[in-house]
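Presented below, as structure tokens, is a lone chain in the form predicted on its own.
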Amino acid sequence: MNSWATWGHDLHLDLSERRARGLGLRAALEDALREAAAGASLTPGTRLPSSRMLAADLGIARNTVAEAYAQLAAEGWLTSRQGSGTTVADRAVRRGAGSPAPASPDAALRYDLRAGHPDLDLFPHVAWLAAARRALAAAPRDALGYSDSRGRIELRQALADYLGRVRGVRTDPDRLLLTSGYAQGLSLLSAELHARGAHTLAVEAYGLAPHRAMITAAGPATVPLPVDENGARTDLLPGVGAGAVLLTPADQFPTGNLLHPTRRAAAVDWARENDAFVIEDDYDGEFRYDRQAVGAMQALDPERVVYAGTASKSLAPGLRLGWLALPSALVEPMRARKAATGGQSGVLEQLTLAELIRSGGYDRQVRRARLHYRRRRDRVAALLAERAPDVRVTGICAGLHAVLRLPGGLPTEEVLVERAYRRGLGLQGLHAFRHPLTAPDTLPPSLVIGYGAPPERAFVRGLEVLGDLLGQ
């Protein structure tokens, strides 16, 4: 059986290596312990030294060790009990009798560089737990009962202030609808627009297929708008026969282009002239690196633009926290539609996020995440400049992904994605995001690289495999 005695003596060297890769001391310690507990280095039940003993052995502050232990206990890697010390948690997967469950295709991926996922290690466990305690202590008696299907007023008030201050959104608490993530908001909104006569919804020619599927499942058909270096061709909206349009103006997904001001204005003018609506998906508007974040398009006309936001990138998708800032004409219909499908979103999460925003913790988390992702973006760009200088890197001014334009002489998108998969690396080709009615050769062959999801060690190794793949 492996124990601390057979692994702990290598910890000094392990920490040094991780620090050399740019990790802070606490993050390096957490990363080393997490990897050891997940693998075979530390088996379940292994007792760890006390925080005082380990701090003395490593020559670091005791608080650093105590905070690392607390973080990993919150994540489920360690177990701490009064009087029993800290031990490695039992993470073995137990199944009932019968055949094992079939492996997911993702099980073969050791390094996931696919777009759309944040780094879950950035979740602020300590700050979230502290905010949850404060929120529950201050919650009114009726907070845990049945309430307004628009969501808790505490969070709607906090969000109205935050969105106005950070994203320039013009709204108030009565016009905010809290949803179980962006997906629920898009589904409800598509159904409501269809009921109001929008039988066709325009979407960007390159985007997420699951979002297009949600729209069509709710009623409307989708028609693509071409995209180029200035974002979606909103000047073409008068000719597509749509009753609404879905846009990602702050960071077109997946090309990474900013919607040009004239095209923002064209979309709003079209909506006014045709009694239509614009849906603004601001999925990562807070993560801009080349300049001050561009304000939300919704401010151009709050009665024609529905603003959709989420905590999935800033915190974690598993929280299922999203919101819609609605035009006044849609507030009551959307409230009723949400009530008819089950009503409330999770109250504890809403109260906690409201407290995190009010206390300034959410702003600190966004700044921390922005710095982390910018550093990762820079490492992607530096690696490609060294290993594959002919590959043009675009779409890196914002967000959690980059687009790598492939030069002549390299294999096709499909071949590169398949080769990467065989080496345990998850990649995506740009054309995988193409609307079925869009011509295949509309945009040049490219790879879409997400730099948000992998834990640090997998991210470093994934970049090495990517360099090998493109440097051939």
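Start at 1 and count along the sequence shown; that's the residue number. These numbers were taken from a predicted model, which means no experiment stands behind them.
One more form of this protein should be noted, the form predicted in complex with a small molecule, which is absent from this view; the next part is about it.
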- Query: What is the one choice in Asn257, Gln365, Thr310, Thr222 with a heavy atom within 4.5 Å of the small molecule in the predicted bound form?
  - Reply: Thr310
- Message: Between Ala183, Ala127, Val240, Ala381, only one gets a heavy atom within 4.5 angstroms of the small molecule in the predicted bound form; which residue is that?
- Response: Ala183
- Look up in the predicted bound form whether Gly116 has a non-hydrogen atom within 4.5 angstroms of the small molecule, and give yes or no. yes
- Task: Examine Asp281 and determine whether its closest non-hydrogen atom to the small molecule in the predicted bound form is within 4.5 angstroms.
- Result: yes
- Is Phe253 one of the residues lying within 4.5 Å of the small molecule in the predicted bound form, judged by heavy atom distances? yes
- Interface membership of His211, the small molecule in the predicted bound form, 4.5 Å heavy atom rule: yes
- Query: Which of 265-273, 69-77, 310-318, 137-145 has heavy atoms within 4.5 Å of the small molecule in the predicted bound form?
  - Reply: 310-318
